[in-house]
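As a starting point, one isolated chain is supplied in structure tokens, in the form predicted alone.
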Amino acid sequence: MLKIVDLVKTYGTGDNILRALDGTSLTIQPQEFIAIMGPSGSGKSTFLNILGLLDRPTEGHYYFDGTETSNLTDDDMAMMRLEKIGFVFQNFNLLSRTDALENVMLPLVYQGVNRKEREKKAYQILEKMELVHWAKHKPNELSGGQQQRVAIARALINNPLIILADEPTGNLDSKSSAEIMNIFTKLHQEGKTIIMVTHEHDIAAYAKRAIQFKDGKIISDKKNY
């Protein structure tokens, strides 16, 4: 599904060049559940941004679902993100003045889906997240765990090929973290491909494969049993 070949990402110029990624190569198969780990500045977030088509590599090749992404325009990348990638962030990234239902429906608005169909799909996913009774509540009326479940529902609304999660439990207590990771585990069991950045070993243990970054390079890639 995803193939990365000799990926390099640099920032700065002249003597101040920082190599955030330094010749990374990797293949990710459909239905994998992967944890990406490493210290701050190791390149893991840069790598996730490139996987999510939010950034472009300086050198190398990234093939997404058979498409060489370096040939895509910005509009092509935006459409691919909308149709094929679901994002879950540490800070939830929900619209604060909009209720849970509207937040979940948002990607379908950009796709031009009519209101009735948007609501139908959103309610179905909110029910899966056990949030139907909170559909008309705004983010500040929800707990952190509930907000993250809304964010997961929004990520799922377009039935994406992959889900990218950047520290999805970083702002949650241990009980809520376990609930969120149980949701990811269930989604993986249903066939979703999940790629998750985390610095917590107990969270990474939920994944089936753990990839460790250091100084822009992959230093470990192993199965979790």
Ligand SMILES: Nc1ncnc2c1ncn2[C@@H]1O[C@H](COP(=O)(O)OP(=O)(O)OP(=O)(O)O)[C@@H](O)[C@H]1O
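Because the structure is a prediction, the values reported are computed rather than measured. Heads up: residue numbers just count along the shown sequence, starting at 1.
Although it is not shown, the form predicted together with this ligand is what the next lines describe.
Q: Any of the heavy atoms of A205 lying within 4.5 Å of this ligand in the model of the complex?
A: The answer is no: A205 has no heavy atom within 4.5 Å of this ligand.
Q: Should L18 be classed as touching this ligand in the model of the complex when contacts are defined as heavy atoms within 4.5 Å?
A: Within the cut-off, so yes.
Q: Decide whether G43 counts as a contact residue for this ligand in the model of the complex under a heavy atom distance cut-off of 4.5 Å.
A: G43: contacts this ligand in the model of the complex.
Q: With a cut-off of 4.5 Å between heavy atoms, is P39 one of the residues that contacts this ligand in the model of the complex?
A: Result yes; P39 sits at the interface with this ligand in the model of the complex.
Q: Using a 4.5 Å heavy atom cut-off, which of 26-34, 156-164, 57-65, 44-52 contacts this ligand in the model of the complex?
A: Flagged stretch: 44-52.
Q: Quick one: which residues from 188-203 get a non-hydrogen atom within 4.5 Å of this ligand in the model of the complex?
A: Only H199 sits within 4.5 Å of the partner.
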